[in-house]
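Read the single chain below, which is given as structure tokens and is the form predicted alone.
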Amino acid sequence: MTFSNFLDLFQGITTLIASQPAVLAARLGLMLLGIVLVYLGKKGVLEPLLMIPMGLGMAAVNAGVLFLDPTTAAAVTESAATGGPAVPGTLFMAPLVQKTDNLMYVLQIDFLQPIYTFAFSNGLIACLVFMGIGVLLDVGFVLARPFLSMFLALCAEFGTVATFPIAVAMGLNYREAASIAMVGGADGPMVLFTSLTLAKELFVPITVVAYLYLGLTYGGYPYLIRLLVPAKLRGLKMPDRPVMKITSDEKLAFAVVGCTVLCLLFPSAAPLFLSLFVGVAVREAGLKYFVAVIDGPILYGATLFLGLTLGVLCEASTILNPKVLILLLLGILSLLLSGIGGLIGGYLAYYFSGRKINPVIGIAAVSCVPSTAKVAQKEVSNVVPDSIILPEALGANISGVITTAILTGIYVTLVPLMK
């Protein structure tokens, strides 16, 4: 038996050796990145619920390459069964297969295909995660200081708005520009929903960029706060204020009215609004069994398959797309501008309130619930341990989710009309 024949027993190694240098480097790099994501998730540096399955899937899909020629893989996944056009795919899934009449054949080799076909290609996975987020939100923090919360949230959308023209100037079309701009909203389901709607061919790198950067914001935003807000202002103790009691009936009414109005204004994003406010409604209505289902199996099941599916979609051909570098730059720029916009809003609130509102609250309006609110509180506590801004920070945080959903609706509605 020759050495070459011996390696045929280990076909992943054979395809790796036979790869072009760029593909070889990309596969090895993504395998290593997947392992690093699992490690950072275990250490708590990045979100473990998402990064561990995502990293493992990324390592597995780049190790388990059996077909180097995309048309060969496509022949196995779809064309051999239907005689249709070539659709690239891997042993895990063919991401562009959407028609259910092709599914029975694809299921023979692509075990994640039904997850993608029935949950990703139509945006359902984003809605399921958003429903789980709704169950976790206490909108009472918004209703306690609605004007401050919404003002800060609007300021923190600076990245999602400003990145759009920058992306167009860098060569992306309007649909791609809107999709990557949504990274500035710091809300993964929004990015997933927008890119699936507007730029399906780039939704994998855009969504992977979004979730990777969302993990990095936890470590990066504290430095941004320290750079832009002096210690004297970071430690500003806000005056005592009466505790405003918001009843569950008022919260439920807010969910019902908010959902109805937003769906009326932005029908394209109605699935997201409905999913979010269904979560809020069942929480405030005291439907404990529904809360247990949404907060448990639905949220964590969707998060598991979201991370795993994104990981296996991130194979070498994805990272070799020449637009990926542009997406990486624009993604971090969008998050940076959103953080700066939030802090500018915090400074404006500080001055207009007669220097009573701590400007650090503004960073919480970037809607990583509840991570950016915790970042804001921690940075304040590091200067003055007994200074509490968390209630206001959570109000801005939850408002950021709503404004990001509104921006999603605006982009999904208007961008297809732009020439």
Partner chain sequence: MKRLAPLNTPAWRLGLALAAAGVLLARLVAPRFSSSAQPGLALVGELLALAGLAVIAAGVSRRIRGGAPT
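A quick note: this is a predicted structure, and the numbers were derived from the prediction, not measured. Positions refer to the first chain, counted from 1.
If you look for the form predicted together with its partner chain, you will not find it shown, but the lines that follow are about it.
Contact with its partner chain, judged by heavy atoms within 4.5 Å in the predicted complex, is confined among 256 to 264, 112 to 120, 219 to 227, 194 to 202 to 256 to 264.
In the predicted complex, its partner chain sits beyond 4.5 Å of every heavy atom of residue 321. Shown alone here, residue 24 lies farther than 4.5 Å from its partner chain in the predicted complex, counting heavy atoms only. Although the partner is absent here, residue 145 lies within 4.5 Å of its partner chain in the predicted complex, judged by heavy atoms. By the criterion of a heavy atom within 4.5 Å, residue 162 is excluded from the residues contacting its partner chain in the predicted complex.
For the options 348, 298, 168, 246, the residue carrying a heavy atom within 4.5 angstroms of its partner chain in the predicted complex is 246. Of the residues in 360 to 375, none comes within 4.5 Å of its partner chain in the predicted complex through any heavy atom.
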